[in-house]
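Presented as structure tokens, the chain that follows is alone, the form predicted alone.
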Amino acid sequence: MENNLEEVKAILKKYGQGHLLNHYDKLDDFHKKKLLEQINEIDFELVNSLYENTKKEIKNSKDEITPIDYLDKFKLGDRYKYYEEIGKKAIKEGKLAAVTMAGGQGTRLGHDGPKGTYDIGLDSHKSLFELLCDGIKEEGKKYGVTIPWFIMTSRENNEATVKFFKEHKYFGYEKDKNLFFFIQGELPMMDTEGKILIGEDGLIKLAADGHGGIYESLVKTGMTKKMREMGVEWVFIGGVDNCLVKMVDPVLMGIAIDKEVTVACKSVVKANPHERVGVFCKRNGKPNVIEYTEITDEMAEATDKDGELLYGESHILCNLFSVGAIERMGAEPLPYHVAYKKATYMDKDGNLVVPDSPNAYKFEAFLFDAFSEVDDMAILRVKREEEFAPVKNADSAGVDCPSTARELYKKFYKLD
């Protein structure tokens, strides 16, 4: 360990991060080893460049934003059955896998544990994980297959997530046969002076690299290789907090296969022109998602000849990719966005600092930033009340919370 320590000291000196070893001597052997491993894993050139970007002024974008075409699932007419049959055939041949992004904690819900273990208050008291599992198993039975299920956890919640599944006998799945866990990437948090933060455990303060890290994580952890070995060609990626997510949709698959695109996404129409959601568009001729902060009032309210919003297709994190597309998108990290957050940390004197306002930079990538890597994609509008019941906020928010999700779930499954 001593040789490694000297090497680490040299690296830290080069990048002006020597403070990371300030409390090294006070750590036990396990934490000493862990800290050195963390430091060795950091891409300091990347971290430095991310910090430098926080000091740059955001220039007015000169990008050309235009509407994107979409299909309405319930206005397909005869094409509905056509697409459905194509998708059904592919599913029966074992070409579909599902990925659930479940790296978050249920803190905002007042839940002490992974968000996927949260009980939204149904009479069955099923967790979000079990509700999602019910859906994927039910669909698998229709086609005589078991849909392989890949769950992305975080360093923070991986152990608790795997333990939860084990306690529930993996909800009928078989670990490492058709159920796989993998951990998403992380990046150090930094203060406003560009110094990497140390957490109260004496280790580097890390934060998940956003849902855009999904591609790189799938590739680096060998999950895409495993998918190919299983004969999987298509992968649905969704979030754990949408209890109505439809991970197995033959119509969506059929459209992707028929139109020969490598990405197909679901959308729901905006609740109103100014709903604070990202919407699908084309940016400089390429598929993209534009954030609500980038849309002018004029764009938000613009309609077509049928009175439909030109920028009305909300991105709901329900996306289908070919395995090849994921591999291409995961070959290089996506651009990172900076968020200014509150972070508890240990200062140079070993004192714990608990801020009451934002004090640190967190860096994260957005899944939809990879859409510009493809020339075209398919967008399928679905009904909000049938496929989108997210649990993001506490009940006090009154929107996208346990009570609204519970009511949507009960209504859809006719549980009243």
Ligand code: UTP
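Note that residue numbering follows the sequence shown and begins at 1. These figures come from a predicted structure and were not determined experimentally.
What comes next is about the form predicted together with uridine 5'-triphosphate, which does not appear here.
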Worksheet entry | Partner-contacting position among 309, 257, 317, 179 - heavy atom within 4.5 Å of uridine 5'-triphosphate in the predicted complex | 317
Practice prompt. Let me know the one among 232, 325, 101, 136 whose heavy atoms come within 4.5 Å of uridine 5'-triphosphate in the predicted complex, would you?
Written response: 101
Practice prompt. Flag residue 107 as yes or no: does it have a non-hydrogen atom within 4.5 angstroms of any non-hydrogen atom of uridine 5'-triphosphate in the predicted complex?
Written response: yes
Discussion item. Quick check on residue 115: any heavy atom within 4.5 Å of uridine 5'-triphosphate in the predicted complex?
Written reply: yes
Practice prompt. Answer with yes or no whether residue 152 is in contact with uridine 5'-triphosphate in the predicted complex, where contact means some heavy atom within 4.5 Å.
Written response: yes
Discussion item. Whether residue 23 contacts uridine 5'-triphosphate in the predicted complex should be assessed with a 4.5 Å heavy atom distance threshold; does it?
Written reply: no
Worksheet item: What stretch, of 274-282, 70-78, 192-200, 239-247, brings heavy atoms to within 4.5 Å of uridine 5'-triphosphate in the predicted complex?
Response: 239-247
Discussion item. Just to make sure I understand: among 73-90, which residues lie within 4.5 Å of uridine 5'-triphosphate in the predicted complex, judging by heavy atoms?
Written reply: none
